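For reference, the chain that follows is the form predicted on its own, supplied as structure tokens.
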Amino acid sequence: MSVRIDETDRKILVELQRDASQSLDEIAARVGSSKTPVWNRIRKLKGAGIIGQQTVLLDAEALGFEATFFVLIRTSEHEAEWQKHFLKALRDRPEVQEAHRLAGDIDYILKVRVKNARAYDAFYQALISEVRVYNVTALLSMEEIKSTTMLPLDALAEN
């Protein structure tokens, strides 16, 4: 972290994580400051890359995306060209909400959100027709216990 985060910055970040649609007046009142200093701090945090894209969280189930699959991928391919092609295939697919390269027996894990099992199969068939993989295991999430985009900012106060 190149920018020093003080207690007021941390409080502002907590408020923005909680609800980024709040007005500057609301944020300022909650953090015990006034509007202009809060705006200046937010600009500083954006400029430092700490605050990124602001977006809206949609209810996937309300929109009909009822199935979440965690897809474990093993590959015997580790060349740069294969990886470039594979990563492009993942980035081009809107069903892939997250993709991580792992240490250990599994090379990649994907979080894939689709309407149902048939939609997952279409995603799977398209992926394996485009990129060669050694083994794919799909795990259907039966229930989402916790999902958050909020970082544990209290840990910043401890430093």
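Start at 1 with the first residue shown and count on from there. Keep in mind that this is a model prediction, so the values were computed, not measured.
Another form, the form predicted in complex with a further copy of the same chain, is not on view; read the next lines as being about it.
*Considering Arg101, Lys35, Arg132, Arg118, which brings a non-hydrogen atom within 4.5 Å of a further copy of the same chain in the predicted bound form?*
That would be Arg101.
a further copy of the same chain contact in the predicted bound form: Ile106, any heavy atom under 4.5 Å
Yes, Ile106 lies within 4.5 Å of a further copy of the same chain in the predicted bound form.
| Might Gly47 be said to contact a further copy of the same chain in the predicted bound form, defining contact as any heavy atom within 4.5 Å? | Looking in the predicted bound form, residue contacts with a further copy of the same chain do not include Gly47, since no heavy atom lies within 4.5 Å.
Q. Should Arg91 be classed as touching a further copy of the same chain in the predicted bound form when contacts are defined as heavy atoms within 4.5 Å?
A. Yes, Arg91 is a contact residue.
Does the 4.5 Å heavy atom contact test between Ala29 and a further copy of the same chain in the predicted bound form come out positive?
Residue-level check for Ala29: no, no contact with a further copy of the same chain.
Taking a further copy of the same chain in the predicted bound form, which residues along 28-64 bring a heavy atom to within 4.5 Å of it?
Residues within 4.5 Å: Gly49, Ile50, Ile51, Gly52, Gln53, Gln54, Thr55, Val56, Leu57, Leu58, Asp59, Ala60, Ala62, Leu63.
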